[in-house]
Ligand SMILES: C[S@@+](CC[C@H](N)C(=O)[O-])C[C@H]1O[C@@H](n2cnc3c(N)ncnc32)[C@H](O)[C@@H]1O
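For reference, the chain that follows is the form predicted on its own, supplied as structure tokens.
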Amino acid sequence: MGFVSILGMAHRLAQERVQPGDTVVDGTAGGGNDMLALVRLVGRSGCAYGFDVLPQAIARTETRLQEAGIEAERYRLITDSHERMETWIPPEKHGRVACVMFNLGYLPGGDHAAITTPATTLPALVAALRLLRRGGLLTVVVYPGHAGGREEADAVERWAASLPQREFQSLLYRFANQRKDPPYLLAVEKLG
């Protein structure tokens, strides 16, 4: 039996904090893996929002949710940058979101030149913290192994390390002996 994978750990942490009826956000919908996990966690009474700037990522996520039998009224998919998530989520849900998840980098099987960058990712992470409730969770799977990935990874890591200790806990989960810049997880808990 091996260690929990990077994505598996992100999902495990979300599972520990998200309850039926909660509001959750997938900041980078991509192929829909995180969105599907989040929609299942919040159940029929919850609400999940998914963001991606790429229409094909939104379409992939929509297809994945439909194939899993998830009713359309249980989620909202938005073709827009994750840095603008606060404008799409109703004000009454601000400060009440249970979990926000990100998978940085590029859309698997898509254009590798269309990547997340610190210019939008860092404002999105700040927005995510404002949306979270006390005890809420932010997960960021970082992919440093592609062009531009290392710069974004370093920026996100510096950001997480700079968060005030009295307000947040930051966790770094990575495999130390893998080659070729493997992905890793940064998780932030909003203390309450």
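Numbering starts at 1 and runs along the sequence shown. Just so it is clear, the structure is predicted and the values come from calculations on it, not from any experiment.
Not pictured, yet referred to below: the form predicted in complex with this ligand.
Quick one: does residue 31 come within 4.5 Å of this ligand in the predicted complex, counting heavy atoms only?
Output for residue 31 is yes: heavy atoms within 4.5 Å of this ligand.
Would you check, heavy atoms only and a 4.5 Å threshold, whether residue 72 touches this ligand in the predicted complex?
No, residue 72 stays farther than 4.5 Å from this ligand in the predicted complex.
Even though the partner isn't displayed, in the predicted complex is residue 98 close enough to this ligand, meaning a heavy atom within 4.5 Å?
No, residue 98 stays farther than 4.5 Å from this ligand in the predicted complex.
Does this ligand get within 4.5 angstroms of any non-hydrogen atom of residue 115 in the predicted complex?
It does: once this ligand is placed as it appears in the predicted complex, residue 115 has a heavy atom within 4.5 Å of it.
Within 4.5 Å, heavy atoms only, which of 163, 129, 54, 155 is in contact with this ligand in the predicted complex?
Exactly one residue meets the criterion: 54.
Which residues within 10-27 place at least one heavy atom within 4.5 Å of this ligand in the predicted complex?
Heavy-atom contacts within 4.5 Å come from 26, 27.
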